[in-house]
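Heads up, the chain below is alone and in the form predicted alone; it's given as structure tokens.
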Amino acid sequence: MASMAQAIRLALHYAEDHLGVTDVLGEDVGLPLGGVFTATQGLKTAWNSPLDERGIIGCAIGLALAGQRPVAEIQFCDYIYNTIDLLKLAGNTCWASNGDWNVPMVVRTPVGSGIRGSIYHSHSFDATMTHIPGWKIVMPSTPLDAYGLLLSACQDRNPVMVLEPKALLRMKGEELIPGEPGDDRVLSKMIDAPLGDRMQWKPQWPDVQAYTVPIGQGKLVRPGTDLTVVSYGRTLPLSVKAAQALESEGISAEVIDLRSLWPYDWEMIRESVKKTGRALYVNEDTEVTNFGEHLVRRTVEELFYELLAPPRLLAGKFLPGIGLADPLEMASVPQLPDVTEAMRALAREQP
């Protein structure tokens, strides 16, 4: 099965050939590196930009307004914050022009902890991004969803932000991408550049097929009856593992992978919470003005009389950064024991 990084690469290859993607641009995305996480190796439209995040976003906006379809990469989301004003411009162009101008651009950026990246390579960006109207925002937790969401993003008429969990980029999927060979070694030999001089290397692309995940559609990962757990990105697999472990204690947890932060699948959340009466929102962004706080607020406002316990948020600590030492990173963002205990406590809370 493909890893998430390989799935992203396959999606961009498909988008180059079939969806009109004209430029994959960013720091080190072209030869010889093919991206820090190897997600752009072998792509024919990939080219290296200067080390200038504002230049990358500004160039992508210009290309999109000129009728091209760029996919820009910010190497780590930690360095995207100096482009906020440009992201706002890209997001408001269609609205400000009353629909006359579209900005068909995609921005990809790795987010979150899990790679021991310390204070400069461990930030989350989901809450900040949801404060910028006019963008669609997705965050996959599986390679197949990364493939399908990216193909949807590459067909949108206006900007889409693809947040890629750093901790999951090397994780293998459990479902084949359509057209992917079933043998991991065969796939690697076809599309992974060898070590050493890569300047003359060419990939042998498998015949991958169209597959899209509609933006705004969540996924019911695990049905349950006692509480609803809504997550995305790195903390989604943790939520699934916690739910499996708690089953032996007689706790039945329903797990929803949100997949899209905007628009998001409120209908799926609403129906689940009406059934279970309890809601836990889990992510790793800092807890103050967290996107999960919006979901808690909406849950209280619209589902108050359905609740058996107050909805809860489990998120990262409100700290300026994450330390390099393993214990510091583990203490800064939710880990499996934290998710398990939060689910257990909520399930046992009495009305």
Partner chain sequence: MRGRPTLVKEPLPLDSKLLVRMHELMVEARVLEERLIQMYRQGHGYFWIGGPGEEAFNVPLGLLMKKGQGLDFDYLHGHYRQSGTVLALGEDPIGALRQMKSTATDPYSGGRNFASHFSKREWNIVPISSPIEVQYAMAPGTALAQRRHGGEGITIVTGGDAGTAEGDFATCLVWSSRPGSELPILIVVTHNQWGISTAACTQQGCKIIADRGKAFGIQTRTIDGNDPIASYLELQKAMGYVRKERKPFLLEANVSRLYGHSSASGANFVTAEQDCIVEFEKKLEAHGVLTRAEMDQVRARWSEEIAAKARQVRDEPLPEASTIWKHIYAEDR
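It should be emphasised that the depicted structure is a prediction, and the values quoted were computed from it without experimental measurement. Numbering follows the first chain given and starts at 1.
Same protein, other form: the form predicted in complex with its partner chain, not shown, and the subject of what follows.
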{"property": "Distance check, Trp262 to its partner chain in the predicted complex, heavy atom within 4.5 Å", "result": "yes"}
{"property": "Close approach of Asn98 to its partner chain in the predicted complex, 4.5 Å, heavy atom", "result": "yes"}
{"property": "Partner proximity in the predicted complex: Trp47 to its partner chain, non-hydrogen atom cutoff 4.5 Å", "result": "yes"}
{"property": "Partner contact for Ala325 in the predicted complex: its partner chain, 4.5 angstroms, heavy atom", "result": "no"}
{"property": "Contact residue in the predicted complex, from Thr130, Asn158, Gln217, Ser252 (heavy atom within 4.5 Å of its partner chain)", "result": "Asn158"}
{"property": "Option touching its partner chain, based on a heavy atom within 4.5 Å in the predicted complex, out of Ala66, Leu319, Val288, Val300", "result": "Ala66"}
{"property": "Every residue of Gly55, Gly62 and Leu86 near its partner chain in the predicted complex, heavy atom within 4.5 Å", "result": "yes"}
{"property": "Contact segment among 185 to 193, 220 to 228, 78 to 86, 269 to 277, judged by heavy atoms lying within 4.5 Å of its partner chain in the predicted complex", "result": "78 to 86"}
{"property": "In the predicted complex, residues of 214 to 232 near its partner chain [heavy atom within 4.5 Å]", "result": "none"}
